[in-house]
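Before any questions on how it binds or moves, here is one chain, the form predicted alone, in structure tokens.
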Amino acid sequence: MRFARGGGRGAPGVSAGGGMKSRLILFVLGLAVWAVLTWPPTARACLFGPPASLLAALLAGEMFVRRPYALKDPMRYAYFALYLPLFVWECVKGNIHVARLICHPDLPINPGIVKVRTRLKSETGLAFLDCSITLTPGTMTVDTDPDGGFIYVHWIDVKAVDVDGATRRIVDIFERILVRIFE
């Protein structure tokens, strides 16, 4: 996945301190998620949780440098809470579809790479959409053109070859909520 963006290290008006602040916020959020997922606390979780959260904050913190104020909007978290069951449901449907294709005696697949359109502009939103597509069985993001607003997706059973039709089938279900979270 590549994100070719021009410009400097941060957005205009964002100081280096703002980058550190957003990394700190991301570290605390990561640590909180780690604690919830590994509850009750164990020695191993306490040993690996903080370094993993710190590493994630240092590596991904740049994504939040441009708009750290977005982390303060509670509606974004509400939409994220809606997104999780939607994503799980799409994965279940994808698993069933791929299993039916594989179990069919004639293996009726129609693989191909399709071009889909996205309205997402933020690097974090695009990364989330790319990962959501790739983690859904039957589809995999091949390349992303953020400047053109397109994503190229390998689809195990192509149902639409035109950009609009493929976008409706692959992207729209995720993008409706991701736009509200990341844009």
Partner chain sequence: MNEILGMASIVVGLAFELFGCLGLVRLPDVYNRLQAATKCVTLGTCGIMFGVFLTFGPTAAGLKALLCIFFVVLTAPVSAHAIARAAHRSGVRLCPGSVVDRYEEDMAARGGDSGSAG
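Numbering follows the first chain given and starts at 1. Basically, rigid core = biggest C-alpha set you can superpose within 1.5 Å across the two forms. A quick note: this is a predicted structure, and the numbers were derived from the prediction, not measured.
Another form exists, predicted together with its partner chain; not displayed. Remarks below refer to it.
Using a 4.5 angstroms heavy atom cutoff to its partner chain in the predicted complex, none of 20, 27 and 49 count as contacting. A heavy atom within 4.5 Å of its partner chain in the predicted complex is found for exactly one of 54, 60, 142, 45: 142. Residue 105 belongs to the set of residues with a heavy atom inside 4.5 Å of its partner chain in the predicted complex. In the predicted complex, none of the heavy atoms of residue 118 sits within 4.5 Å of a heavy atom of its partner chain. Contact check for residue 112: a heavy atom falls within 4.5 Å of its partner chain in the predicted complex.
In the predicted complex, its partner chain sits within 4.5 Å of a heavy atom of residue 138. Annotation for 144-183: interface residues with its partner chain in the predicted complex are 144, 145, 152, 154, 155, 156, 158, 161, 162 [heavy atom within 4.5 Å]. Relative to the superposed rigid core, residue 114 undergoes a CA displacement smaller than 2 Å between the shown form and the other one.
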